[in-house]
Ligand code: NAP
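Take a look at this one chain, the form predicted on its own, written out in structure tokens.
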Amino acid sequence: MKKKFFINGEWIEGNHYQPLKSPYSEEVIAEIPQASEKEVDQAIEAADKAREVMAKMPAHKRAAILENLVRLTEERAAEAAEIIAKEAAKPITTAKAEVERTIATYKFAAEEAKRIYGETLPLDAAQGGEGRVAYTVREPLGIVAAITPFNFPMNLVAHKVGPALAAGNTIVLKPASQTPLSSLFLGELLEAAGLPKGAINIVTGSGRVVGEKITTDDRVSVVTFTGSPAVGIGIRNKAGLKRVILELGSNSAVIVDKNVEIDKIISRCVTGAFSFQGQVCISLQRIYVHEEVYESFVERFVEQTSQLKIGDPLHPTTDVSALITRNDVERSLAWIEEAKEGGAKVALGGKAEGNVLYPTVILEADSSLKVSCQEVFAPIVLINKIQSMEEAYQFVNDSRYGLQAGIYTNDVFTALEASEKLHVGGVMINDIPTFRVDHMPYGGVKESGLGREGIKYTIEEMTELKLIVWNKN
């Protein structure tokens, strides 16, 4: 099945194609066009021509288009989930949940399109400001270049496309090479939803060609990227004075205090660690458990993890399926081997079958090991013993990253202390760091990125604040 680019409201064939293979079966599921600089330039030009149309479009019309998109996605939700499951090897139950979240994200975008507010300023608060009226408005920045990852090929695209359209911007979208089908499906839906030609342009291909061009082109005003820190830092260095929004790496941790009822939290922690094979930006990678409940926690966690069902992503009972590439399987196995050589114990898993890495639980891992200090993006979790909360805070903060962290405790003072001492973008009290709903501000500190996602907050990133002052004197 040969796919096409979506440029200026038209479906355009490419000159060069690459096969797209299922990560699970390794069968070819589509032929994907690979853009040259020419096609990328056409996409930017189309977005540039549509800028004025989108900027002048009233808020209620932008909202109506997004509402149409919601309705169309709801009508084709089963098809959308199957696309995700096939191209990303995301278990179908998890893929269905992603589609539901995608629908919710576009609903939030439709609502927020109608409430992009400014404010009035009392200029007479300053000497010399008498007799003047001042207010602010928010205006769209122009072209948004969106570079999206494989792990949430619909919902993380929605977190860029939704606010961009709500704010009246135009878009050039470069989806991840492994998961372009979800974005091309979105192109079909937006075409049917009544979006003006050129308002979204979808260009598939390599980051070296497509990503480089949209990052450096002077017509682009905003670059929003989700992916690795190395690529994100490169984008920021090349983007010049463009607005840059980066959601980068993480090795999220949860702390378990001694007064917690372990049985109540095990299921939640297992889900946080192994949902979509651990290929989640805020996947639970590190667990620090107070020594008084450590043995009990490990025993129950390993027992429940061992019951996870491995297999075909299209099967409704599958919990864990293939990693996105064979290279990721080999890297993960190498990191597990390094952990064993470094004195850590593998309590469960540590093996692979095809592209499926079995859920792996590692104990007593030193903080310098890759499974601890880097982002595993695989079904691997480490559980370490702590003697105090202060020690736990130090372990969590001893990281290049700082996206989200969690703490389970029944002590309100410990919870407040953790919220202050954990150096991350979001602290989840009595929950795993993997918690996210789509309208909350989401983003991190350190090498976890810049800016915030969550529709209202992204709209602020994708608009310019303008001040208007009237002199009545």
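Computed from a predicted model, the values in this text were never measured in an experiment. Quick note: we count residues from 1 along the sequence shown, nothing fancier.
The same protein also exists as the form predicted together with this ligand; that form is not shown, yet it is the one meant from here on.
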Original post:
Would this ligand be touched by all three of G402, A418 and G426 in the predicted bound form, meaning a heavy atom each within 4.5 Å?
Top reply: no
Original post:
Looking in the predicted bound form, any heavy atom of P175 within 4.5 Å of this ligand?
Top reply: yes
Original post:
For G227, is any heavy atom within 4.5 Å of this ligand in the predicted bound form, or not?
Top reply: yes
Subject >> Close approach of E375 to this ligand in the predicted bound form, 4.5 Å, heavy atom >> reply: yes
Original post:
Using 4.5 Å between non-hydrogen atoms, is F150 touching this ligand in the predicted bound form?
Top reply: yes
Subject >> Partner-proximal stretch of 347-355, 290-298, 88-96, 244-252 relative to this ligand in the predicted bound form, 4.5 angstroms, heavy atom >> reply: 244-252
Original post:
Considering S306, S206, S367, T271, which brings a non-hydrogen atom within 4.5 Å of this ligand in the predicted bound form?
Top reply: S206
**OP:** Taking 4.5 Å between heavy atoms as the contact cutoff, choose which of I310, V137, V231, A134 touches this ligand in the predicted bound form.
**Re:** V231
